[in-house]
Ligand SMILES: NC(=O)c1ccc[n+]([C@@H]2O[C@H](COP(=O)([O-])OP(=O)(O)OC[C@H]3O[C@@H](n4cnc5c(N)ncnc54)[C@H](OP(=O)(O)O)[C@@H]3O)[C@@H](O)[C@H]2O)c1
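Take a look at this one chain, the form predicted alone, written out in structure tokens.
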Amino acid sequence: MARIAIVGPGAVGGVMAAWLEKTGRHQVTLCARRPLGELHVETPQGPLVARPVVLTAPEQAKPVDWVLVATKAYDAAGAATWLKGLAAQGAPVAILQNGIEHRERFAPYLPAAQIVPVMVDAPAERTDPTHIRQRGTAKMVVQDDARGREFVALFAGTPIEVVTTPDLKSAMWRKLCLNSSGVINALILQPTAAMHDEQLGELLKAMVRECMAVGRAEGAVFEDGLPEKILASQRAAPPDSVNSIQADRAAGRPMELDARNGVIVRLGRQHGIPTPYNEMAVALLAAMARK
């Protein structure tokens, strides 16, 4: 039985905890800021009720076999306070976060060999601290190496799709293309249905093209027609879907603005690639957050 600790019981962390516990093959521990009772997850396969062990202080953490970090991208330092205890015996630490800078965020806290970057796409929303709505199949991609294959094996027996790839960089950038366009919903505070508007659809595609241009300069490879595919996926999604950056802005919480759009602007400047749409979105949301 694998001992798995999940740092960050938000929507993604909660979905992972519920499915991993359901396998009966793992001892699941949630690392949270406050006590939690039962965790209720509404999934496409039906409701799940999880009863993981919950720790509320890093001093309580003991060594485990795997650590999954599912906090927001900006909270690497907070997540790292748990790692001294959880990863004390060299446990691999899977980073389930948005963006492309997984290794860079955790390099100050962990040896490189322990860091396992994960591309995660889990359409889920936390409606309150103990209730999560999973709207579709959760998917993850990891590098095709020994650690990656061990990570895949953890999810055997669950409907979560976990695969390996020889080109994780491209998978990360493709996800960033999707995430970058989500800033539009955060700016207008409207759910996915808004993407049926023709002008907003064109804006989405323009933001994705900027992301692709920077990604190519970084060595990522994209399939043809990706902007159109992302727009089609948004228009096919449940019309009331709310992405995480929109939910955070609506609730007055910090936003993953740098991980989702700021990184495109920063790397674009390094490569001499203009990113005016992403730059404007970053400036506007940052100003709104300061207000």
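The numbering used is simple: start at 1 and walk along the sequence shown. Rigid core: the largest C-alpha set superposing within 1.5 Å between the two forms. Just so it is clear, the model here is predicted, and its values are computed rather than measured.
In what follows, reference is made to the form predicted in complex with the ligand, a form of this protein that is not presented.
Residues of just one listed stretch (75 to 83, 200 to 208, 161 to 169, 216 to 224) have heavy atoms within 4.5 Å of the ligand in the predicted complex: 75 to 83. Interface residue remark: residue 68 is not counted as part of the site for the ligand in the predicted complex, having no heavy atom within 4.5 Å. By the criterion of a heavy atom within 4.5 Å, residue 247 is excluded from the residues contacting the ligand in the predicted complex. The ligand is not drawn, but in the predicted complex it has no heavy atom within 4.5 Å of residue 62.
By the criterion of a heavy atom within 4.5 Å, residue 11 is counted among the residues contacting the ligand in the predicted complex. Exactly one listed residue, out of 98, 192, 143, 180, brings a non-hydrogen atom to within 4.5 Å of the ligand in the predicted complex: 98.
Along 24 to 41, residues 31, 32, 33, 34 each place a heavy atom within 4.5 Å of the ligand in the predicted complex. Residue 36 shows a C-alpha shift below 2 Å between the shown form and the other one [criterion: core-superposed Cα displacement of 2 Å]. Put the two forms on the same core and the Cα of residue 54 is off by less than 2 Å between the shown form and the other one.
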